[in-house]
Ligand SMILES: CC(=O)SCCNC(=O)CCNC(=O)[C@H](O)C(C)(C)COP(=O)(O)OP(=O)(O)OC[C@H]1O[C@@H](n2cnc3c(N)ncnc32)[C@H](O)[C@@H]1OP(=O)(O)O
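Below you'll find only one chain, the form predicted on its own, shown as structure tokens.
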Amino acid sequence: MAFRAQSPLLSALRSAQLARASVRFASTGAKPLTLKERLAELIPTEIEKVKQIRAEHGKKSFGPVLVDQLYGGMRGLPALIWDGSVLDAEEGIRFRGKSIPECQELLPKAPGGSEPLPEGLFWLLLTGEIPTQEQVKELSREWAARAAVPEFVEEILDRCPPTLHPMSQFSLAVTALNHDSAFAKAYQEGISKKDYWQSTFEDSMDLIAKLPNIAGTIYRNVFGDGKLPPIDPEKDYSHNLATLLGFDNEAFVELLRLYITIHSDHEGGNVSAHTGKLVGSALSDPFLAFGASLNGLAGPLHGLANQEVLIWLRKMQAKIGENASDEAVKEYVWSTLKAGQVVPGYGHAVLRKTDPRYTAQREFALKHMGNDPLFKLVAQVYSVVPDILLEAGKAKNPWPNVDAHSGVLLSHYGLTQMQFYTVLFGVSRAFGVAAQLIWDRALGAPLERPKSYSSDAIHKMFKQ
């Protein structure tokens, strides 16, 4: 029997599969690899895979670019490589090919917990592999060991007036961490390009590790007594974050595990992800790149949307009361639309079905807080708004997105300060941005420099 030779790309993929299998089997015997050690194994194979993809498909077109896409915020324009996740309009987000329910099932959990640990999600984003419980535990310990924030950064936060928005404080602190950047130091010393990923990895690990202390300091300075408890090296990332914020409810810890996981990454075209990648392409270190991400996330069309949802829901509840009828909810929704306003939390630039992140939060609420009056209102809104939006012709996608639910969950456990919600979003988004920055440096991603056109140039181009 004759066999066809495999293409170089298939051979590379097969080699990667065998490498993953060897790690799985090795984990039962010798000491498991650390995340950095596993990355060092994966990078050469991935470099070869990218070379083969470019050799076989580099001259192929994704399709034409429409003038409307240029004027419409580049919606749907294929222009980026983003490895951590891909967003499908019909089925939603997949992290390295795995859906949110699959992540909930497969990723390691804390003892007695039911939600995935973000440590495992970060491992998945970087390697495409499900880590062992031991590997996740070691990652928790490493982040705890790296968690201390430089004294001068603490002083910056302590000197911020409480009237300065928490996201502005967050951006200041993250940008200031650049003072101790391993990448910036290595670059100044003339490190080889093939080793850029290693110092980027170190900075990314430090960035993620220090975010709970930064977020906790901001929260307690603005809304509390300013005193911060120590990090517990034997607790997971979400547990320490909850403690630093002043919450010791185990259900709230479980919520943070879910929240960070589902908010971590949403492919590369959203403002925070794209900004981090763009700034990183200039070889700005991860602290500078992610500081820029946070400034994008702070915008009302991105990370601040969950606040608007909660404000709208509370206004509705104040007007129609608790346990109102579906008819009363419908009337309020119509009054919002007739006033020229949007229903916050509904619609998405890409999705055309209910956001799986919304569904995951809804299932959490049904399990832990089914009798919460505000959650009941969220459920009512979910049952009536899509039909109203379709009837009104107000949305291509009349279904809820992630912001339609998250604020209600946080407020249920006592985190009612809406100005802080985007900080938690930022803590989460660091996972996806950092993972891509590491791979961009490992694969030698170039400086981003797309071509722009003036309106006059467009007019002349198509003038008959």
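Take the two forms, find the largest set of C-alpha atoms that superpose within 1.5 Å, and that set is the rigid core. None of these values were measured; they are calculated from a predicted model. Just count from 1 along the sequence shown to find any residue number.
Just so it is clear, the following notes concern the form predicted together with this ligand, a form of the same protein that is not shown.
- In terms of contact with this ligand in the model of the complex, the residue from Tyr358, Tyr237, Tyr346, Phe375 that brings a heavy atom within 4.5 Å is Tyr346.
- Only one of Gly120, Gly303, Gly84, Gly216 comes within 4.5 Å of this ligand in the model of the complex through a heavy atom, and that residue is Gly303.
- When contacts are judged by a 4.5 Å heavy atom cut-off, Arg54 does not count as touching this ligand in the model of the complex.
- This ligand in the model of the complex comes within 4.5 Å of a heavy atom belonging to Leu337.
- At a distance threshold of 4.5 angstroms between non-hydrogen atoms, Asn397 is in contact with this ligand in the model of the complex.
- Although the partner is absent here, Val402 sits close enough that one of its heavy atoms falls within 4.5 Å of this ligand in the model of the complex.
- Look at 294-302, 358-366, 163-171, 241-249: in the model of the complex, residues with non-hydrogen atoms within 4.5 angstroms of this ligand sit in 294-302.
- With contact defined as any non-hydrogen atom lying within 4.5 angstroms of this ligand in the model of the complex, Phe425 is the only contacting residue in 404-440.
- Leu124 is not among the residues whose C-alpha shifts by 2 Å or more between the shown form and the other one once the rigid core is aligned; its shift stays under 2 Å.
- For Ile218, a C-alpha deviation below 2 angstroms is recorded between the shown form and the other one after rigid-core alignment.
- A displacement of 2 angstroms or greater separates the C-alpha positions of Val333 between the shown form and the other one, with the rigid core held in common.
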